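Just the one chain here, laid out as structure tokens, in the form predicted alone.
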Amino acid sequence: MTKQERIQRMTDIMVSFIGYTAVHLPDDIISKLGELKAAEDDPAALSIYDMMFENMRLASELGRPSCQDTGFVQYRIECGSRFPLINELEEILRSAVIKATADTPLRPNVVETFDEVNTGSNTGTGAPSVSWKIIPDHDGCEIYTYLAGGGCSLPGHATVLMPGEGYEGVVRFVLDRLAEYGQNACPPLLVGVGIANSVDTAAQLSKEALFRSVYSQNPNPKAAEMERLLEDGINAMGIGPQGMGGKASVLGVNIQNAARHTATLGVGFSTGCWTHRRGHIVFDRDINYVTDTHSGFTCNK
């Protein structure tokens, strides 16, 4: 396979994958929604869960996006330094967004700031957004995709607490943010919390937390315990599916953490809505792929 053929193959796969994730929710999200529905006894909440599953059924049957807000495309890349298309990767991913916008179709959401002009392609200055991690002496490439909605993931929050506020301050910050607008973000939510050194690192980690499975745990036992306590606390608020009340307000709480300065305690907060359009696809050097988020995905090109 020539280099140009590899570029075309990877572009075609990413076009299909972006479109697929717009239509089909990840396997773990579907499973978790089923568990929450089975545990619910509030009639209004059960009716909303029924509508959610009907929405998923129709989206799949009709091949249409699961939400009218098809989001702002965000990528997180963990790429080997020896991956053969590392230099072309950002242009491949940009081209895939343009093609997926036309093919799926995705709603054009990207507007150039100050010019107030919709680009019509979901691309623009800094769009799609891409964050990188280079893996030395590796020839594969992992790509996390996320269709970040305007009412859920994009309106995140971050701050730096005084260290004396401690982890109780982190909990207070998260619960206060949920109380302010959680019902507007289409719950049950996947909540991402970043705890780190500064506003920028904490915010980035909170977004990375949304790429984890709802069944995952932070490897640090203390952080995992905070995930559990936050989940219990948010559910006790009674927001429920679509903010109409019920037992479950969250799909889960994921915490990502990093080392910090002794005098700072940065905390970031991001949410994913119930129609949590994330994907994870892994390529080898020959542009063969596997995905662990969508068992039904195949690209025949």
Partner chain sequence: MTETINGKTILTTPVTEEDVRALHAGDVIYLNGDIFTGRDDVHIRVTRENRELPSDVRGKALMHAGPIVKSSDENGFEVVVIGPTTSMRMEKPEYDFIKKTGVRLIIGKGGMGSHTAEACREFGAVHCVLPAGNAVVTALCTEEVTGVEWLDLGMPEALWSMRVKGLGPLIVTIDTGGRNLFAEKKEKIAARKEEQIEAISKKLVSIL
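From a predicted model like this one, the values you see are computed outputs, not experimental measurements. Positions refer to the first chain, counted from 1.
Missing here is the form predicted in complex with its partner chain; even so, the following discussion is about that form.
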Using the partner position in the predicted complex, report whether Glu168 sits within 4.5 Å of its partner chain, counting heavy atoms only.
yes
Wondering, does Asn55 line up within 4.5 Å of its partner chain in the predicted complex on heavy atoms?
yes
With the partner left out here, check for me: in the predicted complex, does some heavy atom of Pro26 sit within 4.5 Å of its partner chain?
no
Are any of the heavy atoms in Lys99 no more than 4.5 Å from a heavy atom of its partner chain in the predicted complex?
no
Okay, which stretch from 192-200, 119-127, 86-94, 168-176 lines its partner chain in the predicted complex, with non-hydrogen atoms inside 4.5 Å?
168-176
Have a look at Leu210, Met226, Ile143, Val110 for me and say which one sits with a heavy atom within 4.5 Å of its partner chain in the predicted complex.
Met226
In sequence order, the residues of 217-246 that place a heavy atom within 4.5 Å of its partner chain in the predicted complex are Lys222, Glu225, Met226, Leu229, Leu230, Gly233, Ala236, Met237, Gly238, Ile239, Gln242, Gly243, Met244, Gly245
Thinking of the 3 angstroms or more shift, are the C-alphas of Glu88 and Leu154 brought closer or pushed farther apart in the predicted complex than in this view?
farther
Evidently the Cα separation of Leu154 and Ile77 changes by 3 Å or more in the predicted complex, so the atoms lie farther
